[in-house]
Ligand code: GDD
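Take a look at this single chain, the form predicted on its own, given in structure tokens.
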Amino acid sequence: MQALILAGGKGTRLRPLTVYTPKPIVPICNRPFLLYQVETLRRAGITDITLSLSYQPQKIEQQLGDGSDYGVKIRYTVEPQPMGTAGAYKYAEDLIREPTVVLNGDILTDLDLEAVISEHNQHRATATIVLTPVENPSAYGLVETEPDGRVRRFLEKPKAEEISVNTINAGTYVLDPRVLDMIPIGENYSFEYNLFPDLLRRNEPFFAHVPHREAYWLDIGTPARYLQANHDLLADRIHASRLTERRGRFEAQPGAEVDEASVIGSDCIIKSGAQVINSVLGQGCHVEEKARIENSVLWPHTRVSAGAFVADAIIGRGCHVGRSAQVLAGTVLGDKSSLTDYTQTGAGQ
């Protein structure tokens, strides 16, 4: 069994965070996001992983290398132009010789992939799609299934009276290599809109897997959901990705307060009277006297000046927050942003 991670997106919805950092390696609790997907694959015994890239591929390869540091083998393929989800899978076919787990490169999950693969094999399926239940089905494309688990049809953002299920495409598939023969060469081709309807027309054994327990699933593609992913890890809500090390080597001066939930990178300095509550500080952050940071994520080498208050915000790499600034909910600062003293942002400002 091999794996392909579709990690070519530009992360437009996550801007300005993704202007200089490709979405697949934005830090979640100070680790590149893709490492959580690599861990999910490795737990299922899958160590042969290909990354399909497009946007700033050299930065991703520089971060992850050949995968040996993480107990896997990582290879790379770079799309010459956007080719769609199935087109990217086809473009990587020279590296694919076995049944393949395909993951969308923006999904954080603790899915039991071993169970998915086992079910795929039991059904002797050509393709298996993982589904996840959602609270508001009208906002998504839904997937209906037969009693035996076969995929019946796809409903793209149905009207209220058309809703019969609450299960959506979770962005995870197991595909037999012969699926590659059904995808045209060199075309922009989609799993959702092209390949999967074709499988239904061909009456291929195309099955759905719905996790037996309530698996964690989150698309990290917007700032709000990116922040939620960090908070969920801090709160140990992700069954298979619990944080084992929340502290690097950092300096907290007398009178500084850092709660147990927070993740603090190495080389941070937290000065007297400062407070860090339920937050993530990247490597080399400086928090000056009497500043307070709560429910926020700070990327490396950011400085928060004396008396500033940062809450429910995301602050990029190498930023500066001025003295007594108020950086409130909804604020997202791109790399190297600077806020002057007494600035107020977010929460209706």
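Here the structure is a predicted model, which is why all the values come from computation and not from measurement. All residue numbers are counted from 1 along the displayed sequence.
From this point on, the text means the form predicted together with the named molecule, which you will not see here.
In plain terms, the part of the chain that comes close to the named molecule in the predicted complex, with a heavy atom within 4.5 Å, is 75-83 out of 75-83, 119-127, 273-281, 93-101. By the criterion of a heavy atom within 4.5 Å, Y216 is excluded from the residues contacting the named molecule in the predicted complex.
Put simply, E156 is close to the named molecule in the predicted complex: some heavy atom of it is within 4.5 Å. Residue contact with the named molecule in the predicted complex: I264 places no heavy atom within 4.5 Å of it. The closest heavy atom approach of M182 to the named molecule in the predicted complex falls outside 4.5 Å. This chain appears without its partner; in the predicted complex, the one residue of C29, L53, V38, L64 with a heavy atom within 4.5 Å of the named molecule is L53.
Taking I107, V174, A229, L195 one by one, only a single residue has any non-hydrogen atom within 4.5 Å of the named molecule in the predicted complex, and it is I107. When contacts are defined as a non-hydrogen atom within 4.5 Å, all of G8, G141 and I168 contact the named molecule in the predicted complex.
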